[in-house]
Structure formats: C-alpha cells, structure tokens
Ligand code: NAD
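Next comes just one chain, in structure tokens: the form predicted alone.
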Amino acid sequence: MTTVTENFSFNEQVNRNFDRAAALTSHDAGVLSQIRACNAVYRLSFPLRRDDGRVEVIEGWRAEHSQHKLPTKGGIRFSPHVNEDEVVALAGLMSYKCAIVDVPFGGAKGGIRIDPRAYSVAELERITRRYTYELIRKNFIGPGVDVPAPDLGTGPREMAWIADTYMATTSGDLNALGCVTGKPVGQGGIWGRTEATGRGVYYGVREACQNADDMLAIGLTPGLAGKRVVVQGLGNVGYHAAKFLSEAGALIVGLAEYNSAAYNADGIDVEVAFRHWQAERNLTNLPGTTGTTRSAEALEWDCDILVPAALEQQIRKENAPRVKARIIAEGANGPVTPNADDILTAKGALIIPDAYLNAGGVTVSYFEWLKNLSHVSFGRMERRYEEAASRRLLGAVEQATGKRFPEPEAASIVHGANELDLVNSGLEETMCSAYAAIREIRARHKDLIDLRTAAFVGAIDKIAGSYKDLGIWP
C-alpha cells in the first residue's frame, strides 16, 4: 500500500477536486481563492534523546487551512511518509469535510515524520509532549483555537499525553480537556469515538445502497444484504467498516493489508480475520481463504463494493481500468486520484467520496468537544427520566390490554439512551442528512453526475456563506 503519485501531489489532487466544484458556483474569484488557500503552516523540529543516549532531530508540522470557524480541527499522524504537502492537503480536506457534515470547525492537520514502531513508549511520550509544547508556544492548540485528534499511527494514549501536557502548561483553563479529542473515556473521551469513522463509512454506504435509482443506474439491487465487499486496510477504519457492513448483511469476500490479502467468495469472518492479522501480521495464510502477497491486486477483485480504507492515491489511472467494483466507498483520505476518478465515473461506477464518507471521526470528535465544554456526560441528566416515563406508558398499555410484557422485552422497550446510544444516533443522523444534501446538490446541477463534486460544491457554498455572515465578503 505504498503511496504513488501521478505527476501531481496530494495537495494538488485536493485542489483539483476543489476547482472542479468551484467552477459550478457563482462565488467571486477572490472568495474562492481564500477558501482554497491554507491560512497557516507551522513547521517545527526539535531534538529527541533516544533511550540509548543518541540525539535525533524530529520533524513535524501543523497546518490550519481555514479559520472561517473556530476552533480548527484535524488529526495528528505519526508516519515516516509525513510531509508538508500531505499535511496541508489533509487540512484542506478537513475544512471541506466539516462543512459537508455541518460540524462547526475549520480544517487543520498535523504530522510527525517518524515510524512509531521504531520508538519505545517512553520515546513516543517525549516526542508527543514536546510536539504539544511547541504547538502551545505558537498558539496552535487550544479548545477555542485548534483541536487535534488521532490519525494514522496515533490513538487515545497519545491524545491523553497531549491533554495532560496542555493542562499542565496552561493551568486555570476550565475547558482545557477540550484541547484535543479521541482521548480515553476516563480522561474526558467519549463512548463510540474509536469506531466512529468505520461506523460512519457503514452509514454512508448503507444510505447509498438504499437509493433505488442510484442502484438501478449501476446495475445493483437496493439494500446491503448479499452485496460482496472488499476492504483494503484492517486498521481502525477498515476493520470497523468491515465489521458493521458484515453485521448488516453484506458479504466480506476480500481483505487486504500492506503486505498481503485474502479472498473467499463465500465470505470471510471479519473477527477471525482481524484476530489473525493482529497475531500474524500477514493474511496470506488466513484459514479458509486464498492468500496473496500482492495486496494491491485486492483492489481489482470481483466485488460489488470496494472500500479503500488505507492510504491516499491507491487507485490510479494505471489500475482503475481493472477495478470491477460498482461502488467505491472511500474510507481513507484521497484513495482515488482525479485521473482514476474520471476513468471509474466513465465506467459507470458510483464513488462515495472521502470528504463525506470519512467524516464519522470528526463528527464524534465534535460530540466529545461539546461534552468537554459542557462538563457533563451525554444522557446523564435525562436517561432515568426517559426510562420512568416509558415504564408509565408501558404500564398503561399493559393495563389496557390485560397482557404483561416479559421482563427482557419490557427492559428493551423502556431503555433510556446512554452516551453511546446518543453518539451513534447523532452520527447516523449526520451521515444520513449529509448524504441526502449531496444528492440534492447533484440533482440541482443537471450536468453534475458525481457525488464528489456535489459534496465540494456544498462545502464551498457553506464556507463562503460563513465569510458573508462575518461581513468579510459581499
């Protein structure tokens, strides 16, 4: 799953998608230039003393693409492939992503150029805390300024280090826990954040498959049941997307990672495959499947739905003609290049774009941020009241009918929503509403046939509207 370019960078890829959409709007050229531009990039380097006494210089970046709404929001990735172009591209994508799903953040992104597998836990902690300190010095982090989150190579542990460093350095800030999201639940995190992006992918694919007209156009029947799915990537996004799609009745026929892939036309047990990958770090010998070390071939396997949930620029003009899937669901950021996009669209495939489909993580991060600012868990105040009201209603029904519900059934009926219930409900509503809005934009522009451009048109309109509301633009 190595990143490959087609004579243009990832940032150029994002901007090309922007330009296509911008041409369909009536906004002033200066407004469009401002929306497209990255407002600020902080490049930093600092020394790290390794556990063996050696000193190594660590490079990192934080980009704030758009401050039309504050705070800005975006993950921090630890990867040996991180560079400024990638960070700026991802920050821009975050701006559009937040606008598409109506999350009131500007876009940002951060990265540190390391392979986290090559460092001890103690070294990773020193790197994370120093990076946080540098962001604090330049005012590139804060609950009302810029709020990072996990990304490739990072998770709740790193977010807890960031929060702790921020609180220790900026004592007295009542809302300090809101400086970062994706934290452990015990450290101010929120239930459902870990699986949020993968669950969002599932909701988005489900919405697309429920539309009879769109399914008829690509030669498929409505619904998820029985649809054959190949997922590239068994990380947090890919695993949870495969899990939820499988639970909804889809058939996972292929799974791929950077070094291997496995296929079974009769279906793969996602949990068994994930445990095998965790233990072996190889899918070629997954029981009951046909394995290969040429993992990129999985993108070309026969299936109905392909979910590239690994890295950017995985489907290119070279392999796009061989992609057989009728639906390409972009779980990763930028997995399809513009040239490949043209080829797949010409073939009649339906591409569910990353700027929409990958937004589950930032949506639930928004919920976590709200929780940190309100200083109360969702559901804490109303859950018992809802249960008592439901029990009274159930009792009235039982009295009127003379029948009594079995206790397990009664308990499920009167169950009051807890934090996880509310988070999942909010995420589902967000993904469903956003997909409907994207389809409406596509229908409004008679020459517009792809969902990606429609999503970007919607994002541009909303960001331009924010500038107009501020009185900056006419």
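The numbering used is simple: start at 1 and walk along the sequence shown. Just so you know, these numbers come straight off a predicted model, no measurement behind them.
Form predicted in complex with this ligand: not shown, discussed below.
Evaluate residue 234 for contact with this ligand in the predicted bound form, applying a 4.5 angstroms cut-off between non-hydrogen atoms, and reply yes or no.
-> So residue 234 counts as contacting this ligand.
Answer yes if any heavy atom of residue 310 is within 4.5 Å of a heavy atom of this ligand in the predicted bound form; otherwise answer no.
-> The answer is yes: residue 310 has a heavy atom within 4.5 Å of this ligand.
Find out whether any non-hydrogen atom of residue 153 is located within 4.5 angstroms of this ligand in the predicted bound form, and reply yes or no.
-> Within the cut-off, so yes.
Residue 193 near this ligand in the predicted bound form, any heavy atom under 4.5 Å?
-> Yes, residue 193 is a contact residue.
Would you point out which of 98-106, 158-166, 127-135, 310-318 contains residues with a non-hydrogen atom within 4.5 Å of this ligand in the predicted bound form?
-> Contact criterion met by 310-318 only.
So which of 206, 227, 77, 243 gets a non-hydrogen atom within 4.5 Å of this ligand in the predicted bound form?
-> Answer to the contact question: 77.
Given that this ligand is left out here, which of 141, 303, 351, 332 has a heavy atom within 4.5 Å of it in the predicted bound form?
-> Filtering the options by heavy-atom distance leaves 332.
Though the partner is not shown here, which residues of 249-269 have a heavy atom within 4.5 Å of this ligand in the predicted bound form?
-> In sequence order, 256, 257, 258 come within 4.5 Å of the partner.
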